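A lone chain, given as structure tokens: the form predicted on its own.
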Amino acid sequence: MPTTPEKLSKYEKIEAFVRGFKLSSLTYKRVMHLLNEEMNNGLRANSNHLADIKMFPTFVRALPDGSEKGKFLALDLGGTNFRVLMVVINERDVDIQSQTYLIPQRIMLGTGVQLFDHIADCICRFIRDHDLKNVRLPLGFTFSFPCKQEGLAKARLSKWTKGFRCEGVVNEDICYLLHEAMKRKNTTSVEVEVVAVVNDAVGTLMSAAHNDRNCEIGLILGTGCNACYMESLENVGLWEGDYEHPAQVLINTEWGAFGDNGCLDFIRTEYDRELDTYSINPGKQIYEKMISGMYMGEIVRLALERLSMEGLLFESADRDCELFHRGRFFTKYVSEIESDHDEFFRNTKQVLDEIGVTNYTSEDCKIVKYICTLVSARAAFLSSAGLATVINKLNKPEMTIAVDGSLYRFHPRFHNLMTLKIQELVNHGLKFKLQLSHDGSGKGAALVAAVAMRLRDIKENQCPA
């Protein structure tokens, strides 16, 4: 820390503008208490309609037990590319072959029939290319758009996102639309049955749970932030299915909406409020906006912009450079800047050059890195508070959390920051580990299908002839 009075007062001024990112352990415990209340409200039938965290039952009743076998198709649709995968599961061994196909813009903006016919065409091409004949292939479908799930293989599209606008799909059952398209297109001798629709958090959990029997929580830390976990049916007031064994169901929390009712206003900074005001969904996804990769870079940008306006950073910065334009400071820059480990600030300088900041000093670089560390640490600690809440709720002696997403994968400190903070926040004696999950949207979707088939076979074998 500089010692001269002028420098000291400069750093004190900077601190006054960013101290809102530094939250105490007591504050994180208060966040946990509020989250637990909100999750319980979401689980109860009489309060779910008022709850921000919807706690959707996914209809996934069991995790892989290692006995799953067979050939499965998986379909991963969530953007301009989509993948078809053939996943061969033989107990603990998994072999994956996949092909990526493009969805042209005209189809993204066309009709639902055109979209699902295109998907069916690609599935049939994949089946022919892999010389699959005379087989019945169960399919797990990762569909990364908001859905209301009504069964394991029944989900109605709530709204299109990510640039899709296919007419005739909203409020329709996407499994039915895919089945109908397959009937129109399938000239092969292969019968394809959609047995499960999966979101990315569930796929992430299933993929890791295949190799780790202690895995009961899935976490996405990427563009968005969400979690799922296995809950006892007796706690799920919204459950409308059977209560047969196993009396449990995976819950898709959709916890990004935590705080939409104002309960997190006490920790929001001026930068969080400004980001929210100019977002496409003001007042929505408040928790997610303080954590996820879609927003982290912008929070850093707003803080840097404020310091620059106050004369505390980049004294001769050109006001036309990208630092002063919304959405132009990407979250990947935060990861790159925090990867600097010496006083040369190579990555930081490269980022500043890229966004058009000139005449910066080494002191400027130091301040930029400091702001990045504050914003990313808060994000890591807030997601840790969320996980610690679920770990305490499940109260099992040892637990593995499956994690995926670009933020967790590429940020140099996220894993370590989370591990330390969760240790501090979980109940005494509970052990946990964070495990990077691989290909949740492919392998995970196939495993959901495999488990569904295993449970179906057990049920059929129990039925009297």
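Throughout, we count residues from 1 along the sequence that is shown. For clarity, every value in this text was computed on a predicted model and none was experimentally measured.
This next part talks about the form predicted together with a small molecule, which is not shown.
- Which one, 160-168, 176-184, 83-91, 118-126, holds residues whose non-hydrogen atoms are within 4.5 Å of the small molecule in the predicted complex? Residues of 160-168 come within 4.5 Å of the partner.
- Message: Taking any heavy atom pair closer than or equal to 4.5 Å as contact, tell me whether Glu288 reaches the small molecule in the predicted complex.
- Response: Yes, Glu288 is a contact residue.
- Can any non-hydrogen atom of Ser308 be found within 4.5 angstroms of the small molecule in the predicted complex? No.
- Counting only non-hydrogen atoms and a 4.5 angstroms cut-off, does Asp340 reach the small molecule in the predicted complex? Heavy-atom contact with the small molecule at 4.5 Å: absent for Asp340.
- So in the predicted complex, does any heavy atom of Trp239 sit within 4.5 Å of the small molecule? No, Trp239 sits far enough from the small molecule in the predicted complex that none of its heavy atoms falls within 4.5 Å.
- Tell me, out of Leu75, Cys225, Ala155, Ala209, which residue has a non-hydrogen atom within 4.5 angstroms of the small molecule in the predicted complex. Contact check passes for Cys225.
- Item | The unique member of Glu216, Asp272, Glu254, Glu298 whose heavy atoms fall within 4.5 Å of the small molecule in the predicted complex | In short, Glu254.
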